[in-house]
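For reference, the chain that follows is the form predicted alone, supplied as structure tokens.
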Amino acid sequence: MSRSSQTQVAVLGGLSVEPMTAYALREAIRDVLGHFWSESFGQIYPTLQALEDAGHVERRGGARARSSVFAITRSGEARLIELLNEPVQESPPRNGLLLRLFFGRVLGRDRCRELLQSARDAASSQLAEYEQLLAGLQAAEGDTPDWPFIRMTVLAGIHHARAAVAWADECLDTLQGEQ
């Protein structure tokens, strides 16, 4: 699935929840999907226009002058289902930390320890945020049909953060034992 198709999934998916302005859509993507997905205004506006041109969304007058509310149409719902059924295309990994650690002999053990400790601290912070997010979302969404699916995405973040903490601890122990 191309990058533009994935942007269409985010936009149509957001509008499948409720009609909203482009700004509200961007905020919803940032606040709700932000733990695993991001879109910029530069991606959202052209995508909304293309989806409107294709008849997948419709523009309605907004509450304020010069604001428009976008709503998904039946053809947009069909397009969303079509896109969601396409194979997932993974992006090739690019991890600056691992690149530096791979060349750790050149970088030096002390700097590698600093990088690992920083990564561990960031993962611990992220874990706390995900756990707090899960509790808040469970209170807000726990009785909705969307809850099991929302929960899955937050649990992925929790498990990833836990694994990152454990990995950093193991690497720090490795460096400590080789002094």
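Bear in mind the structure is a predicted one, so any value in this text is a computation, not a measurement. Numbers for residues come from their place in the sequence shown, where the first is 1.
A second form of this protein, the form predicted in complex with a further copy of the same chain, is not displayed here; the remarks below concern that form.
In the model of the complex, at least one heavy atom of G13 sits within 4.5 Å of a further copy of the same chain. Taking non-hydrogen atoms only, L127 never approaches a further copy of the same chain to within 4.5 angstroms in the model of the complex. Looking at A71, you'd find every heavy atom of it more than 4.5 angstroms from a further copy of the same chain in the model of the complex. Although the partner is absent from this view, V9 contacts a further copy of the same chain in the model of the complex, with a non-hydrogen atom inside 4.5 angstroms.
Shown without its partner, the chain has C112, L115, L116 in segment 112-130 as residues with a non-hydrogen atom within 4.5 angstroms of a further copy of the same chain in the model of the complex.
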